[in-house]
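Below sits a lone chain in structure tokens, taken as the form predicted on its own.
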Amino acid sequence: MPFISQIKRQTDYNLFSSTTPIVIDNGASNFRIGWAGENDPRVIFRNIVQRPRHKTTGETVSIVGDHDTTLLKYFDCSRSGPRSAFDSNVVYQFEIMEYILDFGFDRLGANGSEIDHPVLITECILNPVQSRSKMAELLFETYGVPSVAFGVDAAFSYKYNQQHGICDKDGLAFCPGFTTTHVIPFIDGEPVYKGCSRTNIGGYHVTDYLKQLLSLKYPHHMARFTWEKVEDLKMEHCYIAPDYASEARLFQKGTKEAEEKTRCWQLPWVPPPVEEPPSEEEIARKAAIKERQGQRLREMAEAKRSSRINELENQLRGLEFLLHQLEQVEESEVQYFLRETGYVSRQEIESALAKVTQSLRKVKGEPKGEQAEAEEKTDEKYPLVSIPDNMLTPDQLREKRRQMFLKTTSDGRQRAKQKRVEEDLERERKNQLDEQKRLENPELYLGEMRVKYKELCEKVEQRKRLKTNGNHSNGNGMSGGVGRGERLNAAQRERMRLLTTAAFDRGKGEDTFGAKDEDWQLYKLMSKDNDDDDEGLDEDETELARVSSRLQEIDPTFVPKPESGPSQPAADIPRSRPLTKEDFQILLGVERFRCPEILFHPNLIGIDQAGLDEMAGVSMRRLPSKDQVLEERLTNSILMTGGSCLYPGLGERLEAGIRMIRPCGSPIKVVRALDPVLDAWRGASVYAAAVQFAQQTFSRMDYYEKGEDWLRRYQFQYTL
């Protein structure tokens, strides 16, 4: 059940007389305060304090109890988490305790700084004297309380249930609390402190364990697992398994019973919007818009083309006029004329004229034949290539080398262009033949294409494996471990041989490498791309891509294999998919009984202490008298109280565990308190309302007169 705080300020504080005690249940988890004689506490809140800073002003504020999420958005809580006044179940941070008491008395309706009512406050069993004395000092010195009484919360709960006939005067009280678990034996209605036992396991550890398991299981939703939400999930879904091992095997096998016991927590999720197909009107409207945009782009392109044609025609006329003027200039004035025009030679003017003419033909879209004729006329721009070197001056030799480089580059581009055209024609021819075969016999053609695709896939994968692991196998058809030399292909091995030969030939004497022109041919041989294997591999991959594309066109059921490289296998390629409702579901399966199991086996979280069932035997062995009849009376009245005893199945599991350590036939009766959470406060309220309560208090005058040492001998009597 979710925890619900009650922090509304009371308005009837002045209606109670000064003799009416105030009852405080100071638990490690929750703080409860109210008036003696009433059935329920007036104020309930979590026993924590938080001190965040305001995001704007930087002022530090104190927030006690449950924080309001709408209020905390104005504060920076990243540097100040919730703080408790407790170390385990003992109060030791009295500065924080003062904040909590201030808030509790204020919510109860107290107006002044002094509290003129007796106070009954609970504490843990065998509370250290220092903690008790500091609490008395805080109540007497700070709040001016007239008298104080200290009692154990589990004892008040046991006495309250004894009055209602739930348990007997002799019995055991199991109190699994927030941070610790106690077992207290009662004889004649009074707790026997020498027989008590304690384990540092409680509801806090169960919640923390559940939070860790859910965070590891669903790391993407870690921000959802707040302490309050995990606490609610624990109280709503966790249970105690009758047999932990068999229950775990049940979930391990994944039986139907395990599925029925699994609970689902659906996180907020909004399905992505489904895009509806556009209507015919929408398609027509978009087509019209696209057509208008295309028309506007065509008009802009036509205007730009006309402007470019005019510009090129003006340049062409200017160059032709310049050549015409150059023909009329005398030979002695040619250099002066060229310097005035900005050109170096007549050949440069003719080259510029040829380029402008070619650009103009290209812009006008004239056929390629005319462009080829124009290109043939431009052969004159390399006039020095065919002239022997002995007939040229040094300047002409430099110009000849430049023209040879330009001519070689131009020829290479023409050959590559011609090769691409031939490849396109060959590809088109193959596609036509494939289409003709498919039309003649579609089923036979599809089968052949599938067989060809499979063979190419195996061939490509085999060559990739050989390239990665080497060209040798271990005799079983599997690639073996080889060295780097065996992984090299033919071209790489040839380069290694050339390097080794060059180093060996010139390893002795003076290094004269580079003195001859023939030495530099070595670099050409090493950089020569004669890797036949790689060329074959490229052809296979190209054919595989073509066959795969063809199969996708003619076979709707065909799914190509994902490409995988040596660095990333196909299974490791990340694939994204849209999030679904199942991605926002938190499943609680084995965690439902695994987390509260630490109450019986604390070693699951690394705490080497006894479990609940073992603690009963420990407590009875610590009793001063070894009486078999007394032990039977104790086990015949076992009361479970405290917030952590609300798990379903706890009573049956505890009874089964105690039965295993008791003699055969021993009477064992395990009962749960009427209200395990509030019975401690209700028992203290009934006790404080009795007339004899004043005899059990420790007054302020006693505190000033006898001092703190008297608290060491203070003994509270629960039977009035």
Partner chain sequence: MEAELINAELVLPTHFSFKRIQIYEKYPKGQPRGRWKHLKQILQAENYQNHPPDEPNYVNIESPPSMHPPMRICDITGFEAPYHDPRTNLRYANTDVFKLVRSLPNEYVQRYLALRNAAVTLK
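No experiment lies behind these values; they were computed from the predicted model shown. Whichever C-alpha set is largest while still superposing within 1.5 Å between the two forms counts as the rigid core. Numbering follows the first chain given and starts at 1.
Unshown form predicted together with the partner chain; subsequent notes refer to it.
Picking from 633-641, 120-128, 160-168, 414-422 the stretch near the partner chain in the predicted complex, with a 4.5 Å limit on heavy atoms, gives 120-128. In summary, among the residues E257, E461, D87, E313, the only one with a non-hydrogen atom within 4.5 Å of the partner chain in the predicted complex is D87. Of the residues Q252, Q552, T408, N431, just one reaches the partner chain in the predicted complex with a heavy atom at 4.5 Å or closer; this is Q252. In the predicted complex, at least one heavy atom of H54 sits within 4.5 Å of a heavy atom of the partner chain. Interface membership of E340, defined by any non-hydrogen atom within 4.5 Å of the partner chain in the predicted complex, is ruled out. Not displayed here, the partner chain is kept clear of P394 by more than 4.5 Å at the level of heavy atoms in the predicted complex. Proximity of N111 to the partner chain in the predicted complex: non-hydrogen atoms within 4.5 Å are present.
Taking the partner chain as it sits in the predicted complex, the stretch 187-203 comes within 4.5 angstroms of it through a non-hydrogen atom at Y193, K194, C196, S197, R198, T199, N200. Core-superposed comparison between this form and the one not shown: the CA of D12 stays below a 2 Å shift.
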